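The data below hold one chain only, encoded as structure tokens and taken in the form predicted alone.
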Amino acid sequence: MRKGKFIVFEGIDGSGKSTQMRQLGKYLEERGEKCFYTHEPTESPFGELLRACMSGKIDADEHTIAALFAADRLDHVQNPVYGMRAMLEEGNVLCDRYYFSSFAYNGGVVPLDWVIELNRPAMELLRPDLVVFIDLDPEEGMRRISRRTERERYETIERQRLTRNKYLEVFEKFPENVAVIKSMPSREETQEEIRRVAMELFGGRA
């Protein structure tokens, strides 16, 4: 029986999910909750290979990338040293991206049903208690990531629009506890909404 809650943050590029995840974790820790922070792609050899594909250092097609994400994710769940199931025995896990990212990003360009089947082993082993989707306008997302010195594979306005639409589509397909949080002009306002839905897992109010 796992001890902690599993909270996943999702969103298109530039949505601020990494920052919001850390802010929520700090808030929970101040209330006595132990939190682990993790992300996908991971820091494992699978994740390093994926980052090389995403940056263009390795030329790989979308099917290969989808399969690599699924492999990295399964290791992320199962690994006895840094796996999320092991972490959950000790506390709460906050994760930046999980299988909905594959459905939205990869499932927009290769058959979605195939991507779902690739990820089914991870889905059966570990489902989130809460998925926080930070909903950001793709144009604003591109404005934010334009400040970065390097662009990754999916960072185009066309791909971001497609990805946002696919996220909303796949949320309808699965009975997950998904909270769609509109990205506010103020990070604090966005965080306030995230805390409100997250604290329902812990039987309290933000």
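Small disclaimer: the values here were computed from a predicted structure and weren't measured. We number the residues from 1 along the sequence you see.
What comes next is about the form predicted in complex with a small molecule, which does not appear here.
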item: Check all three, 23, 133 and 193, heavy atom within 4.5 Å of the small molecule in the predicted bound form; value: no
item: Partner-proximal stretch of 176 to 184, 134 to 142, 26 to 34, 39 to 47 relative to the small molecule in the predicted bound form, 4.5 angstroms, heavy atom; value: 39 to 47
item: Proximity of residue 97 to the small molecule in the predicted bound form, heavy atoms at 4.5 Å; value: yes
item: Distance check, residue 154 to the small molecule in the predicted bound form, heavy atom within 4.5 Å; value: yes
item: Exercise: residue 51 in contact with the small molecule in the predicted bound form, heavy atom 4.5 Å; value: yes
item: is_contact(residue 92, the small molecule) in the predicted bound form, heavy atom dist at most 4.5 Å; value: no
